[in-house]
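Below, in structure tokens: the form predicted alone, a single chain.
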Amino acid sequence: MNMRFAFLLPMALLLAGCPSTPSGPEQPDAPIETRVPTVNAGSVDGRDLPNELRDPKNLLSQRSVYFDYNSFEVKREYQELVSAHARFLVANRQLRILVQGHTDERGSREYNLALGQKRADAVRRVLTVLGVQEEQIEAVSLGEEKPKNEGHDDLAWAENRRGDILYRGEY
């Protein structure tokens, strides 16, 4: 089984990193999707999540995949993190996740929404190549709308270029 992951992970990363750029005329402002927990989604603070997801010593407690500027390629340094979540989701088919793609504040609103979606889709693609069922994953873009760091410098922008993996009960 580990050989399968060792073979599939480089392929998934290759597919996730295939470049494309937004094209065509600018569209009118796209709506920003917001998520409000539903009654049956679990607790908002994540107390109903499995212990592995809440233990800060466990790799599964890490939920952010960071990207380079103007990129949606899942970097090598996040392979083990994404693989760990894939193994966990394959072993727990009842669990559902939301992958939120984020960008820094640079670029137009439309471009950032498109880039955020590509980042969320890149993480989703790696997970599905590693065996996670499509039905377990939803990928959305929040663009620049929900920064992790409110600053306006390289450090802040680096923290905001990310894909966050949220398990049901956290969204």
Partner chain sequence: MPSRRVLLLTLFLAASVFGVPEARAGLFDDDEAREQVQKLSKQLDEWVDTVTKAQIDLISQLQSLREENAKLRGQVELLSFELEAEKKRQQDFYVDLDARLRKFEPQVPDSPDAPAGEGKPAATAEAHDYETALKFFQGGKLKEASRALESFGKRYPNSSLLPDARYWLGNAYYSLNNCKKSIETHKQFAAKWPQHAKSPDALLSVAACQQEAGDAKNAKATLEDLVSQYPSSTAAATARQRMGQ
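Residue numbers count along the first chain shown, from 1. Since we're looking at a predicted model, the values are computed, not measured.
Missing here is the form predicted in complex with its partner chain; even so, the following discussion is about that form.
- In the predicted bound form, Val129 approaches its partner chain with a heavy atom inside 4.5 Å.
- Although the partner is absent here, Leu95 is not a contact residue: none of its heavy atoms lies within 4.5 angstroms of its partner chain in the predicted bound form.
- Using a 4.5 Å cutoff between non-hydrogen atoms, Leu81 does not count as a contact of its partner chain in the predicted bound form.
- Contact check at 4.5 Å (heavy atoms) against its partner chain in the predicted bound form: none of Leu49, Arg63 and Arg162 pass.
- Contacts between stretch 56-80 and its partner chain, counted in the predicted bound form as any heavy atom lying within 4.5 Å, involve Phe72, Glu73, Arg76, Gln79, listed in sequence order.
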